[in-house]
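Listed next as C-alpha cells is one chain, alone, in the form predicted alone.
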C-alpha cells in the first residue's frame, strides 16, 4: 500500500473519533486522496461530484487540514479538490507518492468519457391503492387535515403548498398521504407521484453519495409532480440530507409542484432541523390529527368490520371504542382479534365474547426479558454486536449505542446497575447511571429516538 493511501486510511480513523462513523461513511469514504504536492504543500482530494466537494469544503475543511497536516508532518497545508476537467499531469507530485486509482476516480473518468448516462425517472407508482378518501373516516380530530388533503387533489401545487400534517403514530397520516396520491393520479393520469418515507430518503441519499449517483438522485426527486414525504422528522440531525432536501424543496416549490409532509410533531418543535428548512415546512397549511372521540372511533370500527363483511353491533363497537387505546391502528387491531377469535372458535360475535378476548389481552403474560435479548435487538437496529459494545471503544456512535443498551436494560429488566455494569465487561455502576441519564436527556430533544426506543420495546415485549 502506498504512502498516500496509508495516510488517508489513518485520517479516516481519526475522523471517526472526531465526528463519528456516520459522517465518515457518508462523506469521507466517498472521497479519495489523489495527490500530495510536497513543494507547494497542497493536498489534492478527489470528490465524486460537486455536491460532495462543496459540502466537505464548507463543513470539514479545518478537520482535513489539521489532521492530514499532522500525518504528513506539515503545518497548515492547503486542501484542494481536483476539478473534473483537471488533468493529473498538471500537478507537481512528490516522488513515490502517486496514489493508485480508486473507484471515485474511475467514476470521474467514465463521466469524462461519456459512459455515465443519467436517465429520466421511471413513472412508477409508489402509492398504495387501498388507501383512498372514500374509506377514511372523518371526525373532529382529523377534519382539517382531511379537508385540506382532499382540496389539493383538485388544485395540486396551487393550494396549501406545502401541506404539513402532524399527529401521533397510527392516527391516519399515512392513509391521507396515499389518498392524496390516488386522488391526483385519478384526475391526472400522466402525473408522477412519489411517496417516500423520510428514513428511506436518507438511505437513498447516502447511497447516492457513496456510489456517485447524486445527480441521478436529485433528478429523480426534482422531476416529480407530487412529492409525499412520510415521517419527515427522521431527517433531524442529518445535515447533509437536509441540505439536499432543501434544494429539492425549492425546485419543486418554484415549479408549483405539490409537496406534502407528515410528522409526529409541529414544525417549530422539530429538533435538529435547520431553521431555513423548518420555516419552509410551515410555509403552507399545518394541520393536526389527534386521537378521535368515541363517536368517530365507533364509526371507524363499523367501517372496518364492514370491510370484512361483518355487521358490528353497537354495544360491541362501544365497548371496544371505550377502551384505553393509544391510536387507530391499535383500535382496529382489537377489533380484528375479536372477529378472528369468533371465527376460529365458530362462536357468535357478542359483547361477552369481546369482553373475554380483550380483557385477557389486557394482561398478557409478558415474556422474560434478559440482557442478551436487549443486546440482540440493539444489534439488529444499530449494527453493533456484543463484543463491540463490551469493548473500550470510544467512537461517538458506539458510545451512544452502548448507553442506549444500558438504558433499555435498566428500563425493561429487573437487573441492578451493578449487574448491567458487570455484563458490560466489569464497568462501574456509576458508568451505567451516567449512560441512563444521558439517554434521558437526549429523549427530551429527539422525537425520532423516542420512536426507535418504542419500536425496540415493542419487539422485546412480543
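Residue numbers count along the first chain shown, from 1. Please read all numbers here as calculations on a predicted model, not as lab measurements.
The following text describes the form predicted together with a small molecule, which does not appear among the structures shown.
Residues with any non-hydrogen atom within 4.5 angstroms of the small molecule in the predicted complex fall in just one of 74-82, 203-211, 232-240, 328-336: 328-336. Taking a 4.5 Å heavy atom cutoff to the small molecule in the predicted complex, the contact residue among 350, 223, 376, 169 is 169.
This chain appears without its partner; in the predicted complex, the one residue of 175, 302, 280, 257 with a heavy atom within 4.5 Å of the small molecule is 175.
Residue contact with the small molecule in the predicted complex: residue 135 places a heavy atom within 4.5 Å of it. For residue 217, no non-hydrogen atom is located within 4.5 Å of the small molecule in the predicted complex, even though that partner is not displayed. The closest heavy atom approach of residue 131 to the small molecule in the predicted complex falls within 4.5 Å. Relative to this form, in the predicted complex the C-alpha atoms of residue 17 and residue 199 approach one another by 3 angstroms or more.
In summary, the C-alpha positions of residue 199 and residue 16 converge in the predicted complex, ending up at least 3 angstroms nearer each other than in this conformation.
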